[in-house]
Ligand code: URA
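First, one chain by itself: the form predicted alone, in structure tokens.
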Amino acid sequence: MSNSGSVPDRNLLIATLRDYVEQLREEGLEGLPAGARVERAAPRTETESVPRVAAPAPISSAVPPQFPPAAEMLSKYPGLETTSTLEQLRTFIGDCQRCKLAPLRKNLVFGVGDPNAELMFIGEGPGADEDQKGEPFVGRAGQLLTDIIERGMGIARSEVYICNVIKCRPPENRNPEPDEVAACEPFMLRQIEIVKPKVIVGLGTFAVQAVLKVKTPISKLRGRWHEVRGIRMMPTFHPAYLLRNPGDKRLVWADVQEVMKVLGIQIPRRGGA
């Protein structure tokens, strides 16, 4: 039997399955019962109005976070507690060799934006574009995040602060492993402590679960306020997920509106009257 054309077909199937599994992971699903049907809402057009949330969402008490004490996190790296600016923190990290990702990276991706920002975005980790440039969220997902910030919220990207849970790209964009998170977590927490934002937006399943110290699916966490060391945090879907599922942009827009209310940013009218 001829195998002509089988390799491209197999590669296409593998890529399709990989995207599907990633979609399930982002939605917090580990599997579906046999025979289950999944029905997704049709994507909205740009001209359709997006429903607004009538009142600010309450802070969730259903998922109590289990944070290690700040002093315990800082003591992992003696001297970390003396860093008082982002520049000092970046110098402290240096040419980091603290986990097994170091030999695989091109650039350490620290963070970017206003060091005194009221709004902070935290993602999972760098991708290929970010690893190449040394800056978070510069690929297609980053372009969508910029649109959310600038076109949706009406503020400049430079006015917020953006970073990731881990600072080096995992190979093939796999999920960061526990030891890698443990190595980078003190730096992420120190970034939060130095910037002191009024609001944190957690982007995607992994980032939110890592920051909140929970295993709850993102679909159950988003849309509700949580707290990280006294700072309000709004979990939402990752921009990369929205590139594959544009119909869920309306959910992210609802989350973003809640953030805008807390920050006192006027919510623009969408889709006419």
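Note that residue numbering begins at 1 and tracks the sequence as displayed. As the structure is a computational prediction, the values presented were derived from the model and not from experiment.
Form predicted together with uracil: not shown, discussed below.
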(request) Specify the contacting stretch among 83-91, 99-107, 182-190, 122-130, defined as having any heavy atom within 4.5 Å of uracil in the predicted complex. (result) 122-130
(request) Would you please decide whether residue 136 lies within 4.5 angstroms of uracil in the predicted complex, comparing each non-hydrogen atom pair? (result) yes
(message) Since only the chain is shown here, I'm wondering whether residue 238 would be in contact with uracil in the predicted complex (any heavy atom pair within 4.5 Å).
(response) yes
(message) At 4.5 Å, heavy atom to heavy atom, what parts of 145-179 sit next to uracil in the predicted complex? List them in sequence order, or say none.
(response) 164
